[in-house]
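Here we start with a single chain on its own, the form predicted on its own, put down as structure tokens.
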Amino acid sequence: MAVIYSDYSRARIGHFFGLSGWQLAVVALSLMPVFVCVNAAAWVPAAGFVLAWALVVVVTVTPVRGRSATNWAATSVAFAVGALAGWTRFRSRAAVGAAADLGVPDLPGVLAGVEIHDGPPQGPAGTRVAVVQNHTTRTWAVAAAVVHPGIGMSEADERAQFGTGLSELLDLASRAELVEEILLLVRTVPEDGAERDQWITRHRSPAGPTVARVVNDELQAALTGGCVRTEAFLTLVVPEARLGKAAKEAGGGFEGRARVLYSLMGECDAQLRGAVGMTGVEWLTSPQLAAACRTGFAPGDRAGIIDALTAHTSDPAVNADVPWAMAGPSGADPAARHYSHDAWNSISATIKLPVKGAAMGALAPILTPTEPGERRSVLVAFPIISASAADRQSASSEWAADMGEGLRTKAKVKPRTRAVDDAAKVRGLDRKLARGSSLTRPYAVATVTVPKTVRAAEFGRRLDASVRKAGFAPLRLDLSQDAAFAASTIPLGISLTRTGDT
């Protein structure tokens, strides 16, 4: 029997009838004019203030597709002003002939603050791992291309073992108190047949039977369009606030920060290859990360990069690298419901966990394309809360649960089953933290990318259908499609839980 993971609850529990502190304050203060008018026997103004109070309650309390009405209004105004002023439109420096330094990244939106460093040489081959510095969010990140055999044919015990290994990886990262987030990104890319074409070029004999060649070529043409390949990346994100002190003890400067990141890579590498069951973990160098970034924006460019890499092995004069100035799109335009980049459109949706829980491998239908040429990407993010913050949050949530239960009892309001379950999970959280478990707020973002020659809205609807088929509820990330695409498709450590001022 598959293990169902359902031991999660809301990050915060409202003190009174599910309301947070600021919501309760707004509702209470907006009611004061009503009491003043009633005290003065001004019944007509009191009736008007009651209607205004009801409107304030609806706007403050009622969520609309995951956000409050005030948040929707502020975000819509900001998006409209940015679009009218041309701030959201991106044209790369290379596209307008102004790329002076090819080694400087030129990326749009939330990726604009990224800088790529070559880490110090490590290992017998002197590999220089790419270190991603995000000046906007003040974080450092390293990314690895990982290979996992999959769990489609695994028994329940083996799946539970992989799940335990992932939990141990999160606990390991939490104990070091350096890694703030672990991002696992999977892309299902349409098969382009680049490797097979190279293999045939090297091994096909001119003296071979013509009929066999024709049959082979026809089979390739028929099967390649229906096949997909899977690319998986794992990214460790460390904030400067945690890394600075440790880096000073390791020598300071960029070298010290790189040494600390390398030590974290070593710890996670052993856990990934062991309990998690990864068969391949390769920490990406700067050229490899640039190629992963470029194919994220333009999936159709992968075949050309593979051909260049193959030609480079026999002719060193062939340039197989993707310069960072050309790793992004030539142009990008975020719209309200999709993200347009080069000749592609992408639609992203976040996934809400079901109350009944989810089994390991339940996200597989989301990664399955519905038509040739369609690419699916899924990001599963594990933000790790520090031990001190987890203790404070546990104590605060437990106090809020007790207070809410007491207020409901005094108001003689029968608690709903969901509220009772959330309160029980909050009270059990402190016991788990005491036993050494880490506290995370996992979330997932799914993205579909299709050529501009097809209707993107139709594939967005199919993505929503795949999410529901997997047992989850989708929430389209309207007005934030560019940030959602960068987080779920580009392995540069972009997160939805971190803003630019943290």
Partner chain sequence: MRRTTTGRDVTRLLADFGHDLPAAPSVSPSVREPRLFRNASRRGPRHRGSGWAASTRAPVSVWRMTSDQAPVLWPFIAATGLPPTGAQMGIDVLSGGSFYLDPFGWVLRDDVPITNPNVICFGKPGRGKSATTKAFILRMMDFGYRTLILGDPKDEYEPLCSVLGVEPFRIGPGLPARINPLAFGPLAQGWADLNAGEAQSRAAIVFGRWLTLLRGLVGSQRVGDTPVPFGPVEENVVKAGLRQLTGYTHGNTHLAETTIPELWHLLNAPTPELVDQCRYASTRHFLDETRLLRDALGQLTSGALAGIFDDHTSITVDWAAPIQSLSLSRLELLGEEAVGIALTCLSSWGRGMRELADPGDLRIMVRDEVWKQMRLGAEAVKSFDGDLRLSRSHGDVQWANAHKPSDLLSVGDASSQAVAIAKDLLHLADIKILHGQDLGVARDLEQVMGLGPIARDVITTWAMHGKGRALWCVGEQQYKVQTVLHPTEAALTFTNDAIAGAG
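Positions refer to the first chain, counted from 1. These numbers were taken from a predicted model, which means no experiment stands behind them.
What comes next is about the form predicted together with its partner chain, which does not appear here.
Participant: Can you tell me if residue 420 lies within 4.5 angstroms of its partner chain in the predicted complex, counting non-hydrogen atoms only?
Facilitator: Because no heavy atom of residue 420 falls inside 4.5 Å of its partner chain in the predicted complex, the answer is no.
Participant: Taking its partner chain as it sits in the predicted complex, is residue 380 in contact with it (heavy atom to heavy atom, 4.5 Å or less)?
Facilitator: The answer is yes: residue 380 has a heavy atom within 4.5 Å of its partner chain.
Participant: Would you check, heavy atoms only and a 4.5 Å threshold, whether residue 137 touches its partner chain in the predicted complex?
Facilitator: Residue-level check for residue 137: yes, a contact with its partner chain.
Participant: Look up in the predicted complex whether residue 162 has a non-hydrogen atom within 4.5 angstroms of its partner chain, and give yes or no.
Facilitator: Residue 162: contacts its partner chain in the predicted complex.
Participant: Pick from 130, 281, 184, 246: which residue has any heavy atom within 4.5 angstroms of its partner chain in the predicted complex?
Facilitator: It is 184.
Participant: Name the single residue among 170, 236, 306, 290 that comes within 4.5 Å of its partner chain in the predicted complex, judging by heavy atoms.
Facilitator: Exactly one residue meets the criterion: 170.
Participant: Determine which one of 147-155, 291-299, 321-329, 400-408 lies within 4.5 Å of its partner chain in the predicted complex, judging by heavy atom distances; exactly one does.
Facilitator: Residues of 147-155 come within 4.5 Å of the partner.
Participant: What are the residues of 424-448, in order along the chain, with a heavy atom within 4.5 Å of its partner chain in the predicted complex?
Facilitator: 429, 432, 433, 437, 438, 439, 440, 441, 442, 443, 444, 445, in sequence order.
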